[in-house]
Structures are given as C-alpha cells and as structure tokens.
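Form predicted alone, single chain, as structure tokens, below.
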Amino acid sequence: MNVLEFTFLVWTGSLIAGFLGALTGLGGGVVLVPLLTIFFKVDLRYAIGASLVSVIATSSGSAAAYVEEGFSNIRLGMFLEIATTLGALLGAFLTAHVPLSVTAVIFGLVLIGSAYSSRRTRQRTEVTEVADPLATKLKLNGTFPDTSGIRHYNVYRVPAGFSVMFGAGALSGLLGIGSGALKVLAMDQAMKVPFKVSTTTSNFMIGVTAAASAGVYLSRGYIDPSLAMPVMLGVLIGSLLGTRVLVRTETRRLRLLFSGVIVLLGIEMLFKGLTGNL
C-alpha cells in the first residue's frame, strides 16, 4: 500500500467515524482510534493524537449546525465544560505513566459501555415536574424544536452530572476520544435532558475537552500532521453529513448499528490489550 492509498483509506474511515459520531454524540474518536490501531497498525498514542485533532473538527463541524437549529443547550454545555476540561488535563498527563496495554483495556471497556449507553432509552420527562433549584439558579433549563413544536425541558441532578463529566474529561485526555458516551449518559440519564439535546450539546462540548488535552499530546510529539490531516478532513465532512441526518430523520436504527460496531471494536481492543499485541 502506497502513501496515497493509505491516505485515502484513512480519510474514508474517518469520514464514516465522523458521520456516526455526529449522529450519536459519542464523538468520532470512539471508532477512529481502534480503526487506526487495528486496521492500519498505527501506534496507539499517535492514533490518539490524530483522534484529538479530529474531535476538535467534529465539534466545529456539527456544533455550529446544531446551535443554528436550536438543539444545543449552550449554557449547560459551557457549565459542564469546566468539569470536562479539568478531567481532560488530568487524563492527558496520565498518558506518560499508563502502559499501552492498560490503555487499550480501558478503551475496550469504554467502547462496550458506549454501546450500552447509545442503545439505552429513557422515558420522556415532562416539564411539569418540579424544577431543580440549582439548575434554575444557573439558568440551565431550555427549549428545543420538536416534531410537535417548541418543547420546554428542565435539567435535574446537576452535581451528579458535573461529577460524571469530570470522569468523561479524564477518559478523553487518556484515550483521545471525545468521551461523548459519558457526556450523553450524564445529560440523558442523570440530568434527564432530552436525548437530542444531550447528543447535540455533547457535540458542542467535545471540541473544548479535546483541545485541553491535544496541547499535551502535541508537546510530546504524538500528533503527526501527515496522519492528522486526512483524519481531520474526513471527520469534519462526516460530521457535517451526520448533522443533516440527525435533525431530519429517526436515528434509532443507526444507533443500534453503531452500538454493534463498537462492541466488536471494543472486544478487539480488549483482546489486544490483554495479550499485549499492540
């Protein structure tokens, strides 16, 4: 395989990763890192560095469209970014002290957990429930366009969601992913934010989380421009396509397909981490 063929294949895989990441709010890195390490034999830390660059592109590409459509809760996202950024810095500094095999095992477990969280549904929370005082004080409640018109919603359990976001940021810095699975899980399950708002707000947030740790990877030489460039361009285009699909169509079947793919990738990463075949 020559350089041109390798670049084209990486770009194609990154486009698919960005498309799926934008649809689910999990971030393209959750597919991209195992794709690069398993199929293209890229060193894990260089794959993580390229993934962090792509995560920034994913957020830039999809967040603008979601904000324009009125889905993202900007105030909630900026508040939770405090926790994810602190966690991302911690995770990035831990990379020098955590063996690759351990990182691969952690990644495999995160992938399997992401598959579960992407399939899990929650009953609709009505706005008539008593609002959380802290969320009301911070003005985190909001609205978004639904099929029946503008829908109002409240945010609940703010401290629990904030704590999960810190863990999500640490995983982002350690594994080079947007850790959107935990972000969506925190907002959708813990804070009872509607799924589409959770997904779009997660896409809004992951770029900031990745930027906090990308600088550390850059200083250590783990970001290769020849790898990061096709990855970034592929993910950017894929995420823009994903935003169009999410806004206009039902995503349940796509999320089920995505969860099946990342379960297989998670098992593969667990096997490679446990056997040391990296």
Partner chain sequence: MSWKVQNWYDQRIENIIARLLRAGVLAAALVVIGGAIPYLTARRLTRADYHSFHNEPAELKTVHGIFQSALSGAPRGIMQLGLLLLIATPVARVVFSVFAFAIEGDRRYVLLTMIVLAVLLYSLFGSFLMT
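Residue numbers count along the first chain shown, from 1. It should be emphasised that the depicted structure is a prediction, and the values quoted were computed from it without experimental measurement. Take the two forms, find the largest set of C-alpha atoms that superpose within 1.5 Å, and that set is the rigid core.
Here the subject shifts to the form predicted in complex with its partner chain, a form of this protein not shown in this document.
Between 104-112, 166-174, 183-191, 71-79, the stretch whose residues reach within 4.5 angstroms of its partner chain in the model of the complex through a non-hydrogen atom is 71-79.
Put simply, N2 is close to its partner chain in the model of the complex: some heavy atom of it is within 4.5 Å. Its partner chain in the model of the complex comes within 4.5 Å of a heavy atom belonging to L138. By the criterion of a heavy atom within 4.5 Å, V130 is excluded from the residues contacting its partner chain in the model of the complex. By the criterion of a heavy atom within 4.5 Å, L233 is counted among the residues contacting its partner chain in the model of the complex. At a distance of at most 4.5 angstroms from its partner chain in the model of the complex, none of the three residues L15, T243 and V261 contributes a non-hydrogen atom. Along 213-245, these residues reach a heavy atom to within 4.5 Å of its partner chain in the model of the complex: S213, A214, G215, V216, L218, S219, R220, G221, Y222, I223, D224, P225, S226, L227, A228, M229, M232, L233, L236. Once the rigid core is used as the reference frame, the Cα position of A92 differs between this form and the one not shown by less than 2 Å.
Core-superposed comparison between this form and the one not shown: CA of I106 displaced by less than 2 Å.
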